[in-house]
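Given as structure tokens, the chain that follows is alone and in the form predicted on its own.
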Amino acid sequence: MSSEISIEALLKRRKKGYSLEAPFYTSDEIFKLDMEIIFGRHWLHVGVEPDVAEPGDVMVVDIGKTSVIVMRDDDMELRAYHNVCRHRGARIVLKEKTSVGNLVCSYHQWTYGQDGELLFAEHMGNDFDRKCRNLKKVHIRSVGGLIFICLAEEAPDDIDRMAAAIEPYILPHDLKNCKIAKTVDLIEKGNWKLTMENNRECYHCVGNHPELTIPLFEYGFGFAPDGTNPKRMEHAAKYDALVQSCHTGWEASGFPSREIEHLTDTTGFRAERLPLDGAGEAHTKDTRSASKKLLGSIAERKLGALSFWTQPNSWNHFMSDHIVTFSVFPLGPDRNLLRTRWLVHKDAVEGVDYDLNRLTEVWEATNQQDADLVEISHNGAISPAYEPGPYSPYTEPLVEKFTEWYVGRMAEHLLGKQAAVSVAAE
């Protein structure tokens, strides 16, 4: 950005309640800083425990240029390592998923134990110290069965607070005893922040998501009480009463439901269980459960949907019969990968207990619709006519929370904590 305004100046002049200036979505230099500061120093949602369900199971996750091995050891503990051989740097695990005894580099057969220790390195001489060549560890943490990693040398410790707050919400769904019914990777042609901003509001839902708005009430994530449509105002009031009634009933049955929101913390998160329309059971076209087998010890199908969001790259929906997880991985300033997993009870049988198309069709359609919106947003951001636009105070306050979190984290690392506080207050 040598010929443009500096990122420091852009951060300092960011206007609250407005979208970011174009370089935040289009600049190669800012994208590199995003990868270093946001994706290099924060906890990232990368998978679920059923991705590595059995001892020796391995999953490879790519975060920009960094490749990470996530594995389950023989003691059923989760471990994570940089996918780089300590000999001459070759990648060790080449498949996205596999199962191993030890980790063996195919180049020269250097062999590592599940604890990352170098066990075998032929032809290195008597003075060679294997202990200096163990795999480099990556921080890893399971939160209720959701896997998070952090690439920084020192990971933010407030993930403990997030786990303590959120696990009572998600543990009843027993994610660890689920299986992955389907995983879909979708390449979106836009900046990763546009994907996250789009997810943080439902202003666009009625006009763009005919499948999702069958089970999902439009009022759940913000509504403008302008009084121009009395019938919609009446429906919104009834929805507010329904939310309060459902929260009271669900919590009395042992399912925490009321909003908990810490989106501007270093490890930012938000959760709330909301009622669904129709039968109120699931994100399906008929609003009924997609699987006959309910999760964990859940006995009540009509539990609505628990939404759990984390900064900077995930959102998740927990229902009585299945779970849908989403994680975003930037590929470039104008491309990102959205990975979606659908999980059902580990004993559920496809074709008997659930139909795969019925399970996935709402979110497969919605993801593609959102990808199209991200693309047109990015195409607008690269136009010389683009300028930051105002967020709706009613339907987009959670978009502002995401942008505030992003600007705050970037400012703290580039300008220092005091300057970051000042930027956030402007």
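Predicted, not measured: the structure shown is a model, and the values here were computed from it. Numbering starts at 1 and runs along the sequence shown.
Another form, the form predicted together with another copy of the chain, is not on view; read the next lines as being about it.
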(Q) At 4.5 Å between heavy atoms, only one of the stretches 157 to 165, 339 to 347, 244 to 252, 77 to 85 reaches another copy of the chain in the predicted bound form; which one is it? (A) 77 to 85
(Q) Is another copy of the chain in the predicted bound form close enough to 18, 198 and 382 that every residue in that trio has a heavy atom within 4.5 angstroms of it? (A) yes
Q) Of 106, 297, 102, 98, which one comes within 4.5 Å of another copy of the chain in the predicted bound form, counting heavy atoms only? A) 106
Q | Partner-contacting position among 269, 203, 169, 354 - heavy atom within 4.5 Å of another copy of the chain in the predicted bound form | A | 203
Q | residue 395 within 4.5 Å of another copy of the chain in the predicted bound form, heavy atoms | A | yes
Q: Tell me, yes or no, whether residue 414 is in contact with another copy of the chain in the predicted bound form, where a contact means a heavy atom of each within 4.5 Å.
A: yes
Q.
With the partner left out here, check for me: in the predicted bound form, does some heavy atom of residue 55 sit within 4.5 Å of another copy of the chain?
A. no
(Q) How about residue 332 - does it come within 4.5 Å of another copy of the chain in the predicted bound form, if we only consider non-hydrogen atoms? (A) no
Q. Which residues, if any, of 353 to 392 lie within 4.5 Å of another copy of the chain in the predicted bound form when only heavy atoms count?
A. 373, 376, 377, 379, 380, 381, 382, 383, 384, 385, 386, 387, 388, 389, 390, 391, 392
